[in-house]
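In structure tokens, the next block holds one chain alone, the form predicted on its own.
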């Protein structure tokens, strides 16, 4: 009887005691040969001290915390920024407006972007930037190995659920899909669209852009806080009623087809 009670006590203690969390940061234990020269953490308003003038954008997307590691790996000096956001779509939003001119993208089934000096990764709640100083083949190779290890460490199964209207399993996300929220997000990710949102403080926008026969085609899913805000957007875009929605006026340079999905949501196709 006493033996059984002792076993039960051990089981209870194993469940009650805090379990050591798996690190989502790179360490020398995870990657032999990695040397971390400096590690800094930022949360709340301390982010202002790290990003001069750019921190407001991250707060707009739901910033949680930032860890910065200055490391040496394979004799290369590399800077790693781990931006943890409060949601997966917030992490993807920041990633989507920070990535352009990718030499390679969306490799190994993950959302990533690579160029000479920087490699970026979106995984779960994280937007991660890995920057090397030289852009040499050796530096890029070292950065690639760091990103590969990060893909093992940070799970992607938390999932980024794209709206059905812009979902395309066969197409890449990087460079074609953006998640925009707030005025600063719009200015950084889709500046040509800013005038349509004049006087509209709160909204979120998903966009997929494709090219067919040499012409750009865009699909937008827009959500507003109020029906009044949605009507303001329709007026700003100078749209006219058409079926269950609106369309652009005859003779417009772009042809808009807008479907009303509810009192605060619309789907827009522009050709």
Partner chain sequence: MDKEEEPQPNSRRNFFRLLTASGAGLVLSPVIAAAPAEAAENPQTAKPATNIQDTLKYPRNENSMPGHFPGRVTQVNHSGCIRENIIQQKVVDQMLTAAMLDLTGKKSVKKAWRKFVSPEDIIGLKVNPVAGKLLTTSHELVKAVITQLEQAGIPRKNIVIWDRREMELQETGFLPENYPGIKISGTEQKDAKGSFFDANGKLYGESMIDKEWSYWADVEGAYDEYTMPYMVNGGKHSYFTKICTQQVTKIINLPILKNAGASVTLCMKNLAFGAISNTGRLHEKLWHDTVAEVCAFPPLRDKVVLNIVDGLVGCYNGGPAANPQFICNYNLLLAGTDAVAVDRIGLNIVSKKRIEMKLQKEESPLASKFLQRADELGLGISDNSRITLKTIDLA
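Computed from a prediction, not measured in an experiment: that's the story for all the values here. Positions refer to the first chain, counted from 1.
Not pictured, yet referred to below: the form predicted together with its partner chain.
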Out of 220, 233, 246, 203, which one falls within 4.5 Å of its partner chain in the predicted bound form, going by heavy atoms?
203
With its partner chain left out of view, which of 75, 164, 152, 192 would have a heavy atom within 4.5 Å of it in the predicted bound form?
192
Does its partner chain, in the predicted bound form, lie within 4.5 angstroms of each residue among 45, 115 and 132, using heavy atoms as the measure?
yes
My question is simply whether residue 263 lines the interface with its partner chain in the predicted bound form - judged by any non-hydrogen atom within 4.5 Å.
no
At 4.5 Å between heavy atoms, is residue 101 in contact with its partner chain in the predicted bound form?
yes
Is residue 144 close enough to touch its partner chain in the predicted bound form, meaning at least one heavy atom pair within 4.5 Å?
no
Given that the partner is absent here, does residue 56 sit within 4.5 Å of its partner chain in the predicted bound form, heavy atoms only?
yes
Within 4.5 Å, heavy atoms only, one stretch in 104-112, 166-174, 86-94, 144-152 touches its partner chain in the predicted bound form. Which?
86-94
